[in-house]
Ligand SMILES: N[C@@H](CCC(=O)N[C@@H](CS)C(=O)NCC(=O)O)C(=O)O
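The chain below stands alone and is given as structure tokens, in the form predicted alone.
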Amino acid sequence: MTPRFELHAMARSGPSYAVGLMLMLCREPFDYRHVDLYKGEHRAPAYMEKNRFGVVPTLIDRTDGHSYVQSASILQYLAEVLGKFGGGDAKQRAEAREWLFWCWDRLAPNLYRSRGMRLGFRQFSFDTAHMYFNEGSSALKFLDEQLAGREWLVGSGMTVADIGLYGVIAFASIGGFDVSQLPNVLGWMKRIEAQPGFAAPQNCLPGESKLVAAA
């Protein structure tokens, strides 16, 4: 049976992983289309028709054929249509959005730039690299403080806020960040990893396209 969702993404992309993880946690099968950023496939005209920003991920909902883009927005869409991990009420849904917006304002850019520099595909001056690392460390410290005395970011259960931030932090060590020194963040990550359906990055999205019907 053809699955409802088709995910165009790249395995080593944090935003891609967050959406793949959401689908796995929702126990929702999906077709996977690998987009090779190194070959510029995200800039190909056929892909740009699906994603005007030329980035990953792109999620196609086959119920209407619409392409959904930007991971934070995709997570909220999935929470709405699947009825999972959205938050218990309007207030919690708003708080989850706030955390996702904060992530892409304060956390993700600094972690990803530090990661990119260490992997060799981004270049910065020493002062700029130091700034990104310090700001990323400060954001992680803030998150650790906010998680003190609580299991989840919003309410009493996991939401898209937890899933979205986890997708970013799962790759933090590649950027030189040591979350083992952040006990509240570390405990929160372990709680997510203990959830039914959880899959680590290397087990969530393959390095090549994979169709459910062919699996």
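In case it trips you up, residue 1 is the first one in the sequence shown, and so on. Since we're looking at a predicted model, the values are computed, not measured.
Not on display, but discussed next: the form predicted in complex with the named molecule.
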When the named molecule is placed as it is in the model of the complex, which of 183 to 191, 155 to 163, 26 to 34, 42 to 50 ends up with heavy atoms within 4.5 Å of it?
42 to 50
Judged by heavy atoms and a 4.5 Å cut-off, are G54, Q70 and W104 together in contact with the named molecule in the model of the complex?
yes
Those residues of 2 to 16 with a non-hydrogen atom no more than 4.5 Å from the named molecule in the model of the complex are S13, G14, P15
